[in-house]
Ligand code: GLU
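Only one chain comes next, encoded as C-alpha cells, the form predicted alone.
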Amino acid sequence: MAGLAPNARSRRIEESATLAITAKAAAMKQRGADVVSLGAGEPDFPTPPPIARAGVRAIEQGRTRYTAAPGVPELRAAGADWLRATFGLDHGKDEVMVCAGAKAALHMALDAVVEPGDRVLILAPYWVSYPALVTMADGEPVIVPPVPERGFVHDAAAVRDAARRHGARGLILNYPNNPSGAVPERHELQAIVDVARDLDLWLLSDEIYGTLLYDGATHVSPAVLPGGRERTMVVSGFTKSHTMTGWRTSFLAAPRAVIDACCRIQSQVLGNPCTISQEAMLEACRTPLPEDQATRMRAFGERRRFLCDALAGIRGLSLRPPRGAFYALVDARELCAARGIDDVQVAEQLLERHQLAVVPGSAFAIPGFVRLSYAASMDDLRKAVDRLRAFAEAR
C-alpha cells in the first residue's frame, strides 16, 4: 500500500475495553438515555480539598514550568518516604520517579526492561492494558489462565510451570487485583517471589489499589519480601485512593539502574509529568487525610456488602466477595449457559436493553464473568441491581 499507513505493531493494539464501554455509555446518556455506568474504575468522591488547593496554588503562584524528567526532587523524596511509611518499601529518592499515571509508569518500566521477543507472563484476570503495554514494548504477552476456584490467586507451581514452558523473562502482578479484588496471603506471594528468584524473572507489581482493603486483608508488596526487592518494579500512588484519576500522577519505584533508564525514556516521551499535578501529589504525600480515607472506605464497604447480598438473590449470577479495590467480578457462567450467550453478549444486552454498562470478563481474559465497578453511588448501584435482576428474569 502506497502512502501513510499504521505499522503492524500498532494494528495489534486494541482500544481499552473499559474506556470504550464508558464512552458508549456516555454517548447514550447524551442522547437522553437513563444509563447507569459501572464500567470505569473512577471513584465518585472529589479530590480531597487540600490536594486540589495545592494544584490551584501552583497555578496562581506560577509554578507551571518544566521540571526534571523524573519529577521534582522534593516529590521523589516525599514519594520514597510515603512508600516506606505506607507499604514498608525501602527505596531512596533516586530509586523513585514520578510518572503521568499508572499506565505511564507501567509503560516506562516495560520499555526499560523488555528485550524484543521477551515473553512476559500475565496472570488472568488482568487489567485490560497489560497485554497491549507488553506488545508496545516489543515483548510477547503470555496469559496464565484464571483460577476462580482459588479465589483468583495463582498457585506458585502453576506460575513456575508457565514460566518454564514459555521461557518467560518477566511477570506482571496486580494486587489488590483489578478486576477480581483478589489479595493473596503473604505466604502465597512469597512463593511466587521464590519462583521469580529461582528462574531469574523480573516482576512488575501494579499496586495502585494497595490501600483499598476489606475484611482484614493486608497488602504486601513483593518488593518487601525476601528475594523480591532487587527484581521488582512497583507502581503506586494516589490515583484511586484520592480520586486523582485526571491529575495523571503515579510513582514508579525500582532499583537505581532501572529508574535511571526509565527517566531517560520519560525525558524523550513525556518531558516531565504535569508540574501542577506534582504539586498536588506532594501535598498528598505530606498531608495524611485519615478522616477522608475512612469515609471512602466506609462507603466502599457498604456498597460492596450491598452488591454481595443483592447478587446472591439473582439466579444465574454469583459473586465472591472482593478483598480489595472496588470491583465486583460477577460469575455469569450459569446464566450464559442457560441463555446460550457469552459474556460479551451479556454486556451488550444489558447496555442496549436495560441501560446498564458493565465490562465483559473476556476483556480481562475471564470469559463468562462481568465486572461491575462499585465506585458509584448507592442510588446507581440499586438501579444496577434492579436492572440485573430484570435481565436475569427476562424470558
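Every value quoted in this text rests on a predicted model; they were computed, and no experiment measured them. Numbers follow the displayed sequence, beginning with 1.
If you look for the form predicted in complex with the named molecule, you will not find it shown, but the lines that follow are about it.
Under a 4.5 angstroms non-hydrogen atom cutoff, the named molecule in the predicted complex has Lys103 among its neighbouring residues.
In the predicted complex, Ile13 stays away from the named molecule, with no heavy atom inside 4.5 Å. The shortest heavy atom separation between Trp127 and the named molecule in the predicted complex is within 4.5 Å. In the predicted complex, at least one heavy atom of Gly39 sits within 4.5 Å of the named molecule. If you check the named molecule in the predicted complex, you find no heavy atom from any of Phe300, Arg323 and Tyr374 within 4.5 Å. Only one segment in the set 331 to 339, 24 to 32, 55 to 63, 40 to 48 has residues whose heavy atoms sit within 4.5 Å of the named molecule in the predicted complex; it is 40 to 48.
Distance criterion of 4.5 Å from any heavy atom to the named molecule in the predicted complex singles out Lys240 from the list Lys240, Arg76, Arg296, Arg304. A heavy atom within 4.5 Å of the named molecule in the predicted complex is found for exactly one of Trp202, Tyr209, Phe152, Trp82: Tyr209.
Residue Tyr327 is the only one in 292 to 327 with at least one heavy atom within 4.5 Å of the named molecule in the predicted complex.
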